[in-house]
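Take a look at this one chain, the form predicted on its own, written out in structure tokens.
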């Protein structure tokens, strides 16, 4: 069975017809609500917080965030901001007069907010779309890198995020989690109902600082089926044979990294990395 992201980009797939069909489906409403509550449980908020909803769609998850604790939302109601690439989805959300602020934006181009803005972030059934690139000038690695680097910056120190997604395979699951780790997150993968058609994958992330100090094990310790990913190496653990900063090898590797991030890089030549003589 083909997946929607393999056929059309999200802004075209979720047109007016598909957006309404998605939002009015009682089955999807129930699944979205369950996954949103699960995500909130995993990030463990203890007080009303400012939350970013990535790929908010028609705000089925946002409606949960606005609920009070008595209605079943931990520490709610929360203040939230949602953004999505589909104008049709956001149009349905506006018709419902949801309580959050909405923004039309592509997560693959980054998270357009000031550093340290949010206490937490959630995403339900969205980030698998970042594993697709619609033009030759972009790459899945570049889109994931931009997203996670700017998501990391937008969260306060000690902040947490839980991103539920549907990976196509183990390689895609690894690609997403490694992009988060390279951005600086502490990361843990949790899968509910593994090996079944209803399997759901949650990427739980922490920003260094506070009680967790960037270690996701403080969030998912004791849970069954959790695969805790290693955070990036700390400075000072460089191995032998690593190119010195500023050397030709270092510059070439830097260019390759920038290409993978989708950036425009000048062509290398025999002069790349060569020291210039002092000019008088």
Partner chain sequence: MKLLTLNFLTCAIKTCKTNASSFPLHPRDAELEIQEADVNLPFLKNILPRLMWEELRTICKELGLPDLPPTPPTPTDLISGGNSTDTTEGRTQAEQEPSQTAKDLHRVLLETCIQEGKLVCGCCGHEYAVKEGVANFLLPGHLV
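Treat the numbers as computed from the prediction; the structure is a model and nothing was measured. Residue numbers count along the first chain shown, from 1.
The protein also exists as the form predicted in complex with its partner chain; that form is not presented, and the subsequent description refers to it.
*So which of 134, 171, 101, 71 gets a non-hydrogen atom within 4.5 Å of its partner chain in the predicted complex?*
Comparing distances to its partner chain in the predicted complex, the residue within 4.5 Å is 101.
*Note which of 90, 189, 121, 179 lies within 4.5 Å of its partner chain in the predicted complex, where distance is taken over heavy atoms; exactly one does.*
Exactly one residue meets the criterion: 90.
*From the candidate stretches 125-133, 142-150, 162-170, 194-202, select the single one in contact with its partner chain in the predicted complex, where contact means a heavy atom within 4.5 Å.*
Selected range: 142-150.
*Can residue 44 be called a contact residue for its partner chain in the predicted complex at 4.5 Å between heavy atoms?*
Output for residue 44 is no: heavy atoms all beyond 4.5 Å of its partner chain.
*asked:* Can you work out whether residue 50 and its partner chain are in contact in the predicted complex, taking contact to mean some heavy atom pair no more than 4.5 Å apart?
replied: Flag for residue 50 set to yes.
*Mark residue 77 yes when one of its heavy atoms lies within 4.5 Å of a heavy atom of its partner chain in the predicted complex, and no otherwise.*
Yes, contact at 4.5 Å.
*asked:* Is residue 175 part of the interface with its partner chain in the predicted complex - any heavy atom within 4.5 Å?
replied: Output for residue 175 is no: heavy atoms all beyond 4.5 Å of its partner chain.
_Does its partner chain, in the predicted complex, lie within 4.5 angstroms of each residue among 14, 17 and 36, using heavy atoms as the measure?_
Result no, not one residue of the spot touches its partner chain.
*Can you name the residues of 99-134 that have a non-hydrogen atom within 4.5 angstroms of its partner chain in the predicted complex?*
Residues within 4.5 Å: 99, 100, 101, 102, 103, 104, 105, 106, 109, 111, 112, 113, 114, 116, 117, 118, 119.
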